[in-house]
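In structure tokens, one chain follows: the form predicted on its own.
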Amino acid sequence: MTSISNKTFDEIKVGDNSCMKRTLTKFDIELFAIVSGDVNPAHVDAEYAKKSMFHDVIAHGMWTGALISTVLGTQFPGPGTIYLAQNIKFLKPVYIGDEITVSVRVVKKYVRKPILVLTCVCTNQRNKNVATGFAKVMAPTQKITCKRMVMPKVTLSSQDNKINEN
């Protein structure tokens, strides 16, 4: 059994950090489009994307935002963290096959409330920043260790556009 645990507000110091890596797949883009409803052709239509300024399909910008949320909610501070605010500047497109490293670092720790401000930087495999910003979170005050949930396997199938004639 794999578990996840947190760092409590009292354990965290300014300068503490964490990171994770994730490689973007076509499946990630398709699933994100389904869940979010964002079917902008820059993300889901290869023919359209070839003619765009990016010349290929790109990730939804908020996919990188979701990766930041993953770090904050599962690693650092971890379970019990409450996301309060996020600002993100998208600097470069993320393409299928890009390996994104998400790094967060505490830059401010409030004294009277268990609130942290963290810088958030997403870089690609060429060490180029693709997104940067800040997150504000309420850090957990109690130590939490819990089972890492195994999510169901998802299978995508394309829709058949043929009309069934009975």
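In case it trips you up, residue 1 is the first one in the sequence shown, and so on. Nothing here was measured: the structure is a model prediction, and the numbers come from that model.
Heads up, the form predicted in complex with another copy of the chain isn't pictured, but that's what we're talking about next.
Segments offered: 107-115, 121-129, 47-55, 94-102. Contacting another copy of the chain in the predicted bound form at heavy atom distances within 4.5 Å is 47-55. Contact annotation for Val14: none of its heavy atoms lies within 4.5 Å of another copy of the chain in the predicted bound form. Shown alone here, Cys19 lies farther than 4.5 Å from another copy of the chain in the predicted bound form, counting heavy atoms only. Of the residues in 35-53, those that come within 4.5 Å of another copy of the chain in the predicted bound form through at least one heavy atom are, in sequence order, Val35, Ser36, Gly37, Asp38, Val39, Asn40, Pro41, Val44, Asp45, Tyr48, Met53.
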